[in-house]
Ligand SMILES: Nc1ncnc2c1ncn2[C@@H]1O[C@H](COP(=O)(O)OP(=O)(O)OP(=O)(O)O)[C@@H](O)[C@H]1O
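Quick heads-up: it's one chain on its own, the form predicted alone, in structure tokens.
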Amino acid sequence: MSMWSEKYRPKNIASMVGNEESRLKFVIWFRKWKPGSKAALLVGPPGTGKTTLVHLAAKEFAMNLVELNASDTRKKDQLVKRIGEVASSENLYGERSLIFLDEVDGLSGRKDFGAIDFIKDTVKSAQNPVVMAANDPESEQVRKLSDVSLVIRFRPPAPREVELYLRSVAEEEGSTYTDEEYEAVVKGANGDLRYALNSFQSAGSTGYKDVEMTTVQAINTFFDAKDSETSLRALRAYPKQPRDKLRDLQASIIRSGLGGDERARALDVLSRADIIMGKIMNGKDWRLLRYFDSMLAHELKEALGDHAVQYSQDSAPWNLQLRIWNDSRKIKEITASYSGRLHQGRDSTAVQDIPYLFVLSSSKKFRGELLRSLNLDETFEKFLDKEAARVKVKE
């Protein structure tokens, strides 16, 4: 059985759902592009059609698509090798190329020094159009690249647009659903059409019982579950997107009374789950979501043991939540680099070493030496300074 998200993938730009003005802005940029023009920088949450738009544009305008994930291809020499020649020439068959750099907000670390400058220089000298995409509109990478780019914002389609699209798919499939079932899936998808289609298809004959479970019910059922089967059902009943599921689990665990070792083990599982989610999103292989939930159902529950954890809602504004989430990613990257340098486990590093590094980072000289030794960029300078201020002890 084919996945509906693939079966009903838009065949052309006009058949896409939502972001009409953004798509029109992109097409106008594309038609008017000439050497020396700015790049197009598509910014918005996952699932809003950024990557699909680029693929369809390459197809409709008969261009050879050269696609790279910037968060995987981080170093300048890798970028030079992959797109340096393509940016200034035709391919062997005389075709023009469309260069697509996805997840440019994933560039991080001192190892990226020169990568952004290379991208900016490439945009200015390219004989082929360059398109970039980013999820985080507030990232430093987006800010640095915006002066050589036409920034085009993408937003999740409105609930009514998602519902109409699902109804058209249901009619094509000869399926019948109640208004309540449409409402549950649309609400759970939160504007992500791929997620909506996959939820719609996978619900099948279950009557959407799982989809109707609230966020609090799903998270608490997972934490309270006594067996892996119940844990798995609760995770699959979570009504929002997988990224939100990770954030809610993380927030609940951080705010719980877990001891240092248990908390470190649980956060390590979430860290690895986040990496898997990144791979799923990069490859657009949504079938792997079933393994994502299975991993959490078994490994996270094992890490938590019998310790009681309950859902803890983070009432902070979304922009603040995003900054907190990004901070946690910085902590994970510092932990990974530091533990790798010392050849010791990440769990013990996170619990025993990282807090002391934050205290010592009150010294500007120490921060500079730490950044150089761990190959971290200047964004970590501000982060360490902020963390040092939080944990600074009175003399």
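Residue positions are given as counts along the sequence shown, with the first one as 1. Note that this is a predicted model, so its numbers are computed, not measured.
The same protein also has a form predicted together with the named molecule, omitted here; what follows describes it.
Please run the contact check for N64 against the named molecule in the model of the complex: heavy atoms, 4.5 angstroms, yes or no? Close contact is absent here: in the model of the complex, N64 is far from the named molecule, nothing within 4.5 Å, heavy atoms only.
With the partner left out here, check for me: in the model of the complex, does some heavy atom of L300 sit within 4.5 Å of the named molecule? L300: no, not in contact with the named molecule in the model of the complex.
F223, heavy atom within 4.5 angstroms of the named molecule in the model of the complex: No - in the model of the complex, heavy atoms of F223 and the named molecule never come within 4.5 Å of each other.
Answer with yes or no whether F292 is in contact with the named molecule in the model of the complex, where contact means some heavy atom within 4.5 Å. F292 lies outside the contact set for the named molecule.
Option touching the named molecule, based on a heavy atom within 4.5 Å in the model of the complex, out of A115, L296, L197, V130: Result of the distance check: L197.
Sort through 189-197, 263-271, 119-127, 235-243 and report the only stretch with a non-hydrogen atom within 4.5 Å of the named molecule in the model of the complex. This holds for exactly one stretch, 189-197.
Residues from 45-60 in contact with the named molecule (non-hydrogen atom within 4.5 Å) in the model of the complex: The stretch touches the partner through P45, P46, G47, T48, G49, K50, T51, T52.
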